[in-house]
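Considered here are two forms of the same protein chain, supplied as structure tokens in two stand-alone entries, structure 1 and structure 2.
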Structure 1
Amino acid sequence: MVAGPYCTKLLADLGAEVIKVEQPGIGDEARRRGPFLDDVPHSERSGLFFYLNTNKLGVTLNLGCAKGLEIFKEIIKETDILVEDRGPGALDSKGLGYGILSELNPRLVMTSITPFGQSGPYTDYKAYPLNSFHSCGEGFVTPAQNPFPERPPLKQGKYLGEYEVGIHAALATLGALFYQRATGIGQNVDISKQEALIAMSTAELSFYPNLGVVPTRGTRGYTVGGIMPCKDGFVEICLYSEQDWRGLVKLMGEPEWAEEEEYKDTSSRAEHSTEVQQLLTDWLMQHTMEEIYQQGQKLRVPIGAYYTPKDLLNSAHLKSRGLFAEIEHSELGRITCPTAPYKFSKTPWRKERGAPLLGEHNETIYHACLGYSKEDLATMRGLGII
């Protein structure tokens, strides 16, 4: 729904020709997930689906019948990369496992994304995005600074872990493609969501085997600074040096308390952490996120604002960077979404097309590329093959 499609979106956005294969009449799960344009649920109006599938071609194919499998194999013969998230053994059981596909196309790089990988005692265990996030150890320590000790640990963002798995899968896929381009030989890449997400948290997890410490939601945080409330939201203040602290004092207009003995250096402030945090909060609550962030950064204090989606869209900096682009789509009209965080000087992010409608490119792929006649297409549509 998210991890696999995000992986291939990253490739499509950089120019790969990605064909998304969906089940006729049903399509990707993300089509049934919001947000929907004007809150009208419709398989062609999902913002989630749109974002995850920009620049791809879309076909429908029924893998439950012989003709469907045959067509799938025809496509595979012309393909460098197959990314699938069907679950361990699912493609094998249809006769589309790596062994068979690599015989048809030895250059094929096949990346399989599953909750727990292709082997091991949990390989067949089920996990939705929530379960996968909590399977990696990062959920257990979220939220940091443990505002409500009696409450459960949390996932991050909405689908943050799934996107992160998608990036890991895309990286590994390109590693295998790099090798394929050099040698002509493909391979199979096994991506376990759990392990990809563990790789995100190794710094925290390493405390246990190396120092015998089990990090919890309560062991994270700063004695002074960190996440702090302000007039209209929250700010993040990282005070790593005395210079950072001096900058913060200047930002607050050099209040008298800051000159007192108990706040004179890092260790004395840490000792009086509760008082310092209160004094800072008193000042912060009189100012907005944007004031604190902009003025603080001008004084070179490492301060950030906890931006909302709306704030991101209104950011002059992000506008000047062109992070958001308008893309034309037949059902959604002109629609704005994020592009990419990297700017390539020679091979820029492309804005070829929005997400495909269900089966939008059946004719392009089956007729123009694979050579089926239009009559064949009509028959296959009638039989529910495409």
Structure 2
Amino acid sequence: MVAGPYCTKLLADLGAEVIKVEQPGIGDEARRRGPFLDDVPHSERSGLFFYLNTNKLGVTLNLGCAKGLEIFKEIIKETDILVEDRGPGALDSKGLGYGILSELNPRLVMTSITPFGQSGPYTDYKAYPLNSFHSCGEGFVTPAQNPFPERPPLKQGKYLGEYEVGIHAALATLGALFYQRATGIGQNVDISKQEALIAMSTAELSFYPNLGVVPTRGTRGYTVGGIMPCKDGFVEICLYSEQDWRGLVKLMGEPEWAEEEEYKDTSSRAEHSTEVQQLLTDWLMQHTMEEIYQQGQKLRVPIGAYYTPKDLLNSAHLKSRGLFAEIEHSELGRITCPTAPYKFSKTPWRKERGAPLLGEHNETIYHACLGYSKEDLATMRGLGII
């Protein structure tokens, strides 16, 4: 629902012609997930589906019937890349595994995204994003700098883990495509969501095999600071050294309490961390997030700001880089969304089309590209094939 579509969104944004294949009358699961325009559920008004499928063409095709399988194979003959993000063995069970498809098109790069990969004891296990995220160990140390490490682990917000998998899948797919361009031979790219997520949390996972230490959800290297509230939001103060502390004291205007004996060094501040945290909070609540962040930058104090979506949309920096753009959609109207997290000097990001309506490009693909007549399309539509 997210990993595969995000992988192909990244490819579409780079200029690939991407065709999204959906089940007739039902469509992708993301169409039934919010947020929805005006909070009214509608298959063509899902913000999640819109974001994941911009710049793509969309067709409907029933892979549960012989004609649908025949058409799918016709498309594969002309395809460089096939990305599947279904349950384990979903395409194999329909006779559409890599072994069969590669005979039709030896140049085919087929990227298979599954919870635990194409081999091993867990190969056939299914998983929701919640399961995938916790299978990598990242949930065990989430949230970081938690003042209550005894509480249960948490999943990161929304589908963050799925997006991370999509990035790995896109990178691996392009690698296989370069090989195909050089040799004329395709290959099957096996993406394990568990392993892709483990690759994103290597710092925590390296503690135990190398140091014999199991990381916790407690503070990471410091007992004072961390995620703290301010006048209009939250900031994160990272105090790894005495120099960091002295910079923070200067940022606060050299308060007298900072020179008292119980706060003179790292050890004594750790012993009195409750009092220090309260004194820091009292100061932070008098200042805005942006004031603290900007002044901290000038004094080289490691402070990060916790931006909300509203903060990001109104960011002067991001506006100057043109990160956000408006995209037209026949049902949603003009929608503002992020573009691409990169800038090329010669080939700028393209805004070609919004996410496709269900089956919007059936005629484009089946009639104009594959040669089916409009009468054929009407017949197949009536039979539920497209």
Partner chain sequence: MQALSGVNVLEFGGMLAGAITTKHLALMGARVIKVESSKRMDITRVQHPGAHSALIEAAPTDTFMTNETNLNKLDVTLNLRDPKGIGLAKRLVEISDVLVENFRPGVMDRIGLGYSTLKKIKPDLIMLSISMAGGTGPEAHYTGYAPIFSALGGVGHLTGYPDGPATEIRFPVDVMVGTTAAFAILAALIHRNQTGEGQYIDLSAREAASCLIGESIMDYTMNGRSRSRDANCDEIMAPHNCYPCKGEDKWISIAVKTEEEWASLCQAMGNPSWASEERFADSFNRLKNREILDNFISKWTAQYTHYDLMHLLQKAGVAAVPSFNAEELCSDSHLNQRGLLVVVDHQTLGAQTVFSPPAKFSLTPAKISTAGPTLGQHNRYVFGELLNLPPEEITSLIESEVIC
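All residue numbers here refer to structure 1's sequence, counted from 1. Predicted model, so just to flag it, every value in this text is computed and none were measured. For the two forms, the rigid core is made up of the largest set of C-alpha atoms that agree within 1.5 Å on superposition.
As for origin, structure 2 is the form predicted on its own and structure 1 is not. Superposition on the rigid core between structures 1 and 2 places the CA atom of Ala170 less than 2 Å from its counterpart. His272: CA moves 2 Å or more between structures 1 and 2 after rigid-core fitting. Phe116 is not among the residues whose C-alpha shifts by 2 Å or more between structures 1 and 2 once the rigid core is aligned; its shift stays under 2 Å. Lined up on the core, Glu260 has its CA atom moved by 5.9 Å between structures 1 and 2.
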